[in-house]
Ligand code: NGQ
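Given next, in structure tokens, is a single chain: the form predicted on its own.
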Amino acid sequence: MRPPLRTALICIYIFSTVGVCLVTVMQNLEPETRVVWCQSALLADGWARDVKFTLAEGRIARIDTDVAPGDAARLGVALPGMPNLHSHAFQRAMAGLAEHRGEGSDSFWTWREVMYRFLERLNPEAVQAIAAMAQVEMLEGGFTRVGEFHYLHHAPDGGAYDDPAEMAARMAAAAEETGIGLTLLPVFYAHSGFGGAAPTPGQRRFIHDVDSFGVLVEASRRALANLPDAVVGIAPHSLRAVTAEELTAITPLAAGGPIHIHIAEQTQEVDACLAATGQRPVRWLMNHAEVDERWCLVHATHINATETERLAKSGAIAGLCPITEANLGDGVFPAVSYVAAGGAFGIGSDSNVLIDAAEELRILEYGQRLTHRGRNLLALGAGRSNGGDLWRAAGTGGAQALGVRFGLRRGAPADFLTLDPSHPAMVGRANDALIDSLVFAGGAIDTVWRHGRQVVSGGRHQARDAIQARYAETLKVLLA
């Protein structure tokens, strides 16, 4: 080959390669736009039929109603995705491992000892694998954002990782894999009981002082910086794990973001708080902190009438986790009186013993039915749909608790699920009757869309096979 021809071919190769690279870069930079059409959709202002959504840059750029599908992808019935306001992802791997009866009476406190022994085995890679599996199941179950109440910070011996946000970064990596929205809530945990009691050996992976917690929060923000629409808040673990002085010191670290706290989950905790402070937990918190719309009081199971009224009027969210609360034998939240007082609530999967948004709402309502011996107790009035009111209330409250907004509207995140109207539980239903069937009759979720991207098809996450295989290998090692 003559030199001029060889030189010309080399130049063509270089220019063509550069051109391909530039096109690839431009494609990656260009916002993806998709158009989908739904038979009907629950929009922020109510139900609509023949709805076309234009999705761009992860958001709903346009909504057209009463239109033909045209070339748009055709879907079933769209609902806004449900926020999961309270999760401990790593606990998914121990689901079912604490169901053997002990020598004495079993309770939350005996379950907690099993959990402490289990987490001693977890390294960062295992935590990421477990979190990804849990998030896959959350998305398949109708949750599109999770509030990770994240307290597993340190190495098994209690020593710090080189990166203080090592474990937070693992949560972010799992969310990047699965596509779920993430609100990370780094947990401040300093004591084993009221009065500043020293932590136990089983708690050594959780512990911070105020200064090191500030470092953790900032490092967590950096770890989530590149994750789409991620939110970082804080979580004082519980009144038994934080002193009054520490609570005051760490609250500003939320920087306007969400603040979550476990509270009044068990009667033993209420009794201990009374003995230590002379006040019940929710009353003490209301008297010592500016509890407002930023706050989520997780569980709040054992509250009296005065506390119910104060919590409802505060603007804070009651974070209810009915499946876990039933599994642990915690008790039943006074939801009927709380909702009647104007209280807002959301739902969470907590211990992740079973992950299903509709099941959380079903157990919530059924707990009230068993307590009050009535039906449709959380519907907001005569003629109202129980399932529809539950979905809207839990969605709105959960989104507030996670620092985002709920509902399908122009400019909102494109986070939604679709139902299969041909499912036996859905046939012949429309509008809120479809949600009633989803919650109470086992209707099926078909697709899930998160940040404008379809992540679930036919009820199955698109990355399930790979994530489940890694999870299985992880569990084989952990449970060997």
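Numbers follow the displayed sequence, beginning with 1. For clarity, every value in this text was computed on a predicted model and none was experimentally measured.
Keep in mind that the form predicted together with N-carbamimidoyl-L-glutamic acid (NGQ) is missing from the display, and what follows is about it.
One residue of Arg392, Arg294, Arg310, His237 in contact with N-carbamimidoyl-L-glutamic acid (NGQ), assessed in the predicted complex (non-hydrogen atom, 4.5 angstroms): By the 4.5 Å criterion, the partner-contacting residue is His237.
Can you work out which of Phe118, Phe194, Trp111, Tyr366 has a heavy atom no more than 4.5 Å from N-carbamimidoyl-L-glutamic acid (NGQ) in the predicted complex? Contact check passes for Trp111.
Please determine whether Asp350 contacts N-carbamimidoyl-L-glutamic acid (NGQ) in the predicted complex, using a 4.5 Å cut-off between heavy atoms. Asp350 belongs to the contact set for N-carbamimidoyl-L-glutamic acid (NGQ).
Classify His299 as contacting or not contacting N-carbamimidoyl-L-glutamic acid (NGQ) in the predicted complex by the rule of any non-hydrogen atom within 4.5 angstroms, answering yes or no. Contact with N-carbamimidoyl-L-glutamic acid (NGQ), yes.
Any non-hydrogen atom of His262 within 4.5 angstroms of N-carbamimidoyl-L-glutamic acid (NGQ) in the predicted complex: Contact check for His262: yes, within 4.5 Å of N-carbamimidoyl-L-glutamic acid (NGQ) in the predicted complex.
Tell me, yes or no, whether Val136 is in contact with N-carbamimidoyl-L-glutamic acid (NGQ) in the predicted complex, where a contact means a heavy atom of each within 4.5 Å. No, no contact at 4.5 Å.
Please determine, with the chain shown alone, which of 282 to 290, 153 to 161, 321 to 329, 169 to 177 has non-hydrogen atoms within 4.5 Å of N-carbamimidoyl-L-glutamic acid (NGQ) in the predicted complex. Single hit among the candidates: 321 to 329.
Within 76 to 100, which residues have a heavy atom closer than or equal to 4.5 Å from N-carbamimidoyl-L-glutamic acid (NGQ) in the predicted complex? Heavy-atom contacts within 4.5 Å come from His88, Gln91.
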